[in-house]
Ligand SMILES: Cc1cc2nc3c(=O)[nH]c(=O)nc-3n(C[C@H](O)[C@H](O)[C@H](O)COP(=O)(O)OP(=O)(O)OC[C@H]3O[C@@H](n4cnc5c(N)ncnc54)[C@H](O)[C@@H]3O)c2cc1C
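First, one chain by itself: the form predicted alone, in structure tokens.
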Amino acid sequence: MQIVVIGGGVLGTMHAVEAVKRGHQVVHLEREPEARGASVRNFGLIWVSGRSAVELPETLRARELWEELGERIPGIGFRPRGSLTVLRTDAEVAVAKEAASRPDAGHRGFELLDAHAARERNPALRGEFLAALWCAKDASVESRVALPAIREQLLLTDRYRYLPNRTALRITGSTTVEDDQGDRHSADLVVFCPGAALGGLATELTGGMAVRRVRLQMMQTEPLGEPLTTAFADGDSLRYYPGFAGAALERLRAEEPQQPVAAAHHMQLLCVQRADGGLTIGDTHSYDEPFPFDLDEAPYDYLATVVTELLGRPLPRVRRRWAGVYAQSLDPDEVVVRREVQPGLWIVTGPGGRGMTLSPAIAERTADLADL
């Protein structure tokens, strides 16, 4: 089949991967020279630990697919290092203990470790804490270079064309895409992955979707100077991931409100080491549009303080800060908004902060539904 994929972010790229893998011809359009949205402004975490029970099978399948890609394409930097959620209060330990006792804990690779065992797992964590929840299934990739590395591999085949700097203006006859350079791309199937660009053609095709946009702030440091053998999170992350929901989490929320800055910015700490040794640290969540054009320093100060306390050492100099926006489905039972809006024309968006983790499995499911 002839397939056109619109959108060069991680969702669009994974749909191209899946189509080529199944033997089809793909033309891949991206409005920028490279993807510039949330697909490259994230941690690069393949995050199994906090996914809900409903999402877990698809998450584990995505984890398998990422590992397969990592074996074929070393340039994506796949690292199955797991994660530690560091716990500093008894209430946080209780939430982790409850999660580690559930029937699906083994599928996630959960193990509750005391502080000594956690430091053996990650010696860089020299700060004071009570325990940590180990998740063996968590992994990471290099988000800034993964998509170009995947495209480079796709271009080795004779079934893939990447056309950057092309904006899809309209779709006629269900499956003919007209771009802003006057070219028409006829196809048997079109997959449109607009990311957070939910206006224009996306609105025209759908009439609006149950999707909201979310803004985040993150930062990256100079090299740490020592290996970070796992990713790590703080106890606030328990509050944001559905995999930790339960009676213990309700008690935590009631008894231990977040610090004011963390609460105001809907924050959690995630920290992962990049291939060059620097740390990517975040993040915040803002839901009210219009989003500000500037960056707020208070969350950065708070995150730097928490990481410094957990590492027990000063942070390296911050190299860069950034904001990003992603699209999130408003239906709690819908991992992603996926619709065949016209015969042969699919729109796929709204995975939220799960996009990097779930994109290979989302693309695989779209391909199955479209009978590729």
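In this text the structure is predicted, and so the values were computed from the model without any measurement. From 1 onward, residues are counted along the sequence shown.
The discussion below concerns the form predicted in complex with this ligand, not included here.
- Taking Leu60, Leu311, Val341, Val325 one by one, only a single residue has any non-hydrogen atom within 4.5 Å of this ligand in the predicted bound form, and it is Val325.
- This chain appears without its partner; in the predicted bound form, the one residue of Leu112, Ile73, Ala197, Ala94 with a heavy atom within 4.5 Å of this ligand is Ala197.
- Annotated contacts: Val86, Asn122 and Leu130 are all free of this ligand in the predicted bound form [non-hydrogen atom within 4.5 angstroms].
- Proximity of Ala233 to this ligand in the predicted bound form falls outside the 4.5 Å heavy atom cutoff.
- Contact annotation: Cys271 falls outside 4.5 Å of this ligand in the predicted bound form, judged by heavy atom distances.
- Using a 4.5 Å cutoff between non-hydrogen atoms, Phe192 counts as a contact of this ligand in the predicted bound form.
- Residue contact with this ligand in the predicted bound form: Gly44 places a heavy atom within 4.5 Å of it.
- With this ligand omitted here, the record of contacts in the predicted bound form names 159-167 of 220-228, 159-167, 86-94, 112-120, defined by a heavy atom within 4.5 Å.
- Although this ligand is not shown here, in the predicted bound form the stretch 24-43 places heavy atoms of Leu29, Glu30, Arg31, Glu32, Ala35, Arg36, Gly37, Ala38, Ser39, Arg41, Asn42, Phe43 within 4.5 Å of it, in sequence order.
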